[in-house]
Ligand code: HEC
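Given as structure tokens, the chain that follows is alone and in the form predicted on its own.
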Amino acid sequence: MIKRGALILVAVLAVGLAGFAAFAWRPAIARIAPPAASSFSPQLVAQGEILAGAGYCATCHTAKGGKPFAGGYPMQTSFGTIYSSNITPDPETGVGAWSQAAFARAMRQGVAQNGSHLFPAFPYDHFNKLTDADIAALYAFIMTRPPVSAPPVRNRLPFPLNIRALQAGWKLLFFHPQPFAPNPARGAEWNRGAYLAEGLSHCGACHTPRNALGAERKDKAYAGAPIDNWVAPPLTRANPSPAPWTEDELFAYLRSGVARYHGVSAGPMAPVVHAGLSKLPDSDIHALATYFGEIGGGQAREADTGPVVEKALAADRLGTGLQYDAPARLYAAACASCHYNNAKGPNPLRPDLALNSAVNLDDPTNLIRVTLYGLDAKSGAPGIVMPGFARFSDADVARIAAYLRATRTTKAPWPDLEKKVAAIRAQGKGKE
């Protein structure tokens, strides 16, 4: 009887595995000879270059010190490390043998030319919204890059998560591809911003929290999330910045990396601004600002800006005479000379810390990372450098953070700051 039950169980499992294999199977699309660069019009390639920038293709497909688009860039996930693939037109190790149909399937369905499923670290759950014209332009740009022979770096994922066929199950649960549908109740500019944010620029990939299986939580869209040892702040009305993110502030920040009332881009956001979005026309940046200005409620709060800034400037003067107060003295010696603003208003090149989201977030990670490692000339305002203070002890960095939290906000103190500083220091500077 036991033997018979075991045989039935084995048979059920075999049928189930066979059924799942049939469900997960995708056919290969025939390989082609790499198309000649001259087969694509210069206008199409130029448009593809703009789109590839806005989709951060080079950022994710270029390893540090490696050739552009040749892959090998490590992406840390809660399941292990996934390395980006070579998307140069090399026919053996890249995508040179991919037809436009194979390229489009990868973008829209997350399936490679050979039929294998792609891991969702490649954001096909956003790229599926792209138009045929934009995919054609991206294909033209990619296929006209210099081919690079770069074999794939082996992902570091535990068994069975390294089995690509299992991604079919993930897709069944979380991936429901649909083309972008304009909202008829919104104007053309808002819809253009939505198309860029939800599709090509996949803003939610960083700013939306994920569930236990790594899928974006659609009920928490743009609610903020940890990314590459930083915190991507909420883009919704939950954003803690005291000054509203108006359309003007958003445009300035996304165009230049500098916003008068919100500081400068840092961490993973710096290449988004200075490399990714830099080739988009002003009209597209305005569209993104319109879209996120409404999501964050910035325009509705525009009248709050004056009183909030006045309060922040008053806070700048706190502690300037308290030489007996050790944290105030430490802040005055290390930070105040650069971050002090006068009554005329904040200088965007010396961000006012009472207005800065890093001081107002529930998590002190961003403030601690900038304090420890500073900002180089490629981040924030081009050519402006903030020195790091990694030479300070964990206790001193914690004192500065606690002092700013207490004097520049009305929020609760951050707990266990010294331990947090030690943990972030142990992570190292990372990908900034």
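Small disclaimer: the values here were computed from a predicted structure and weren't measured. Each residue number is its position in the shown sequence, starting from 1.
What follows is about the form predicted together with the ligand, which we do not show.
Quiz prompt | Contact test in the predicted bound form: Ile295 vs the ligand, heavy atoms, 4.5 Å | solution = Contact with the ligand, no.
Quiz item: Does the ligand come within 4.5 Å of any heavy atom of Phe103 in the predicted bound form?
Solution: Close contact exists here: in the predicted bound form, Phe103 approaches the ligand to within 4.5 Å, heavy atoms only.
Quiz item: Is there a heavy atom of Trp190 no more than 4.5 Å from a heavy atom of the ligand in the predicted bound form?
Solution: No.
Quiz item: Is the gap between Ser337 and the ligand in the predicted bound form 4.5 Å or less for some heavy atom pair?
Solution: Yes, Ser337 sits close enough to the ligand in the predicted bound form that at least one of its heavy atoms falls within 4.5 Å.
Quiz item: With the ligand left out of view, which of Leu250, Ala312, Ala287, Ala140 would have a heavy atom within 4.5 Å of it in the predicted bound form?
Solution: Here the answer is residue option Leu250.
Quiz prompt | Option touching the ligand, based on a heavy atom within 4.5 Å in the predicted bound form, out of Ala30, Ala395, Val385, Ala36 | solution = Exactly one residue meets the criterion: Val385.
Practice problem: Specify the contacting stretch among 181-189, 303-311, 213-221, 266-274, defined as having any heavy atom within 4.5 Å of the ligand in the predicted bound form. | Solution: Residues of 266-274 come within 4.5 Å of the partner.
Practice problem: Any residue of 221-260 with a heavy atom within 4.5 Å of the ligand in the predicted bound form counts; write them all down in order. | Solution: Read in sequence order, the residues that approach the ligand (within 4.5 Å, in the predicted bound form) are Ile227, Trp230, Val231, Ala232, Pro233, Leu235, Asn239, Ser241, Trp245, Leu250, Tyr253, Leu254.
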